[in-house]
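Quick heads-up: it's one chain on its own, the form predicted on its own, in structure tokens.
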């Protein structure tokens, strides 16, 4: 009788409207015990060797203001060679003031992002000069591509921030930051990214965000509302735009993520340990600068270390060395106690099996390493040269699976299903038990791209590949996109500001 009633119940449920399963992919907590690749003694030796690099070898700092800040803080500075050496005591002082937990405020408070060890956030790929999809092919990134990708990201709760996504090369560089901000504000309430491209562009971006938030400059500085990625020029160099970025973000209370770009065998030693020593030294150096500028300024540790193809010099991702470097970076981040950014990624030229394999291995490494913020988890191709629309969608299947793993699995009396076990005879099935009927619409994750039909049904439906199905998904999402409530009004607040600054010639990045 339970089975007959179950079938009737299923028919009734299928005729109701609206989604049945509700999920919350915001501010996830990592469910896994962090894994490592080094012993505790080895981690300590890596840290101490990085401190030796800073005190004995030093970092070349090309920005005079940054050198002056270091000198005032007690560093040994040679302005002729631009070399700066800092002692362990300066690093320890910086680590003592750097916040261990950071909340980045979004326009929609429900979109606030909490950064601390144990949290787990994912982002789409960023900084790509090209965009690609099956319909329009590979092309230089445009403002329209940027807008479409911002809208796509807005539709995925498991991506809590907006990224740089693609470079709109149809917009002159001195005007680009105006259009990027207006597109972000007009289409999203998520935390936006700001490029560190010199004092002018950064400070104007802050002003635009303050206008959009309806805040005074002083109110804006009270909390972080945006973030940037600071890439040191490995090995052992901090250039002018990146140094200015650290200074500006620290002075204005905004989040900077200090991320050396350490490709082992190219810009870093060829060994995992050597690459991490360099990464750790450069990240500690940037963190120290931020705290010299403004003790307590929000700052995060950053990891971007992988191997290269030693025949061509091209970067590789999802390799054993990439995984090991990520795991080791997590150990170093926990050694200093700061939230940290890591990265997935793919060197594949298209969204194929190689691209999926590399991205998934890189993301698994980031999750098992305890990464706080996992960038390039969706859409990244060619080592960052291209953002693929289909790749973004197919990667989101993986990202949402990780998000599901981060939700709590309940084991109370009802979930343990003793009554259902009693109801089903040996050799029977559970399809129509009341326990199943009460849960069948909500128990399992529903795939975004995956097709679970059998071969015959799949063939009847057109025998579509995952990439072909992904094309339909991004098309449907863009066609049905509706800007968040109030977004148009917030974007309109920027019109006069942008018009005046464009008429004045814009703001060029430092050369």
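Everything numeric here is computed off the predicted structure, so don't read it as measured data. Positions refer to the first chain, counted from 1.
Omitted here: the form predicted in complex with a further copy of the same chain. The next part is about that form.
The listed set 428, 295, 118, 129 contains one residue whose heavy atoms approach a further copy of the same chain in the predicted bound form to within 4.5 Å, identified as 428. Contact annotation: of the candidates 308, 211, 106, 143, the single residue with a non-hydrogen atom within 4.5 angstroms of a further copy of the same chain in the predicted bound form is 308. Note that among 215 to 223, 92 to 100, 267 to 275, 163 to 171, the stretch whose heavy atoms approach a further copy of the same chain to within 4.5 Å in the predicted bound form is 267 to 275.
Contact check for 319, 323 and 350: all three have a heavy atom within 4.5 Å of a further copy of the same chain in the predicted bound form. In the predicted bound form, no heavy atom of residue 76 sits within 4.5 Å of a further copy of the same chain. a further copy of the same chain in the predicted bound form comes within 4.5 Å of a heavy atom belonging to residue 397.
By the criterion of a heavy atom within 4.5 Å, residue 193 is excluded from the residues contacting a further copy of the same chain in the predicted bound form. Residue 360 belongs to the set of residues with a heavy atom inside 4.5 Å of a further copy of the same chain in the predicted bound form. The partner is not shown here, but in the predicted bound form the stretch 405 to 427 reaches within 4.5 angstroms of a further copy of the same chain through a heavy atom at 405, 407, 408, 409, 410, 411, 415, 416, 417, 418, 421, 422, 424, 425, 426, 427.
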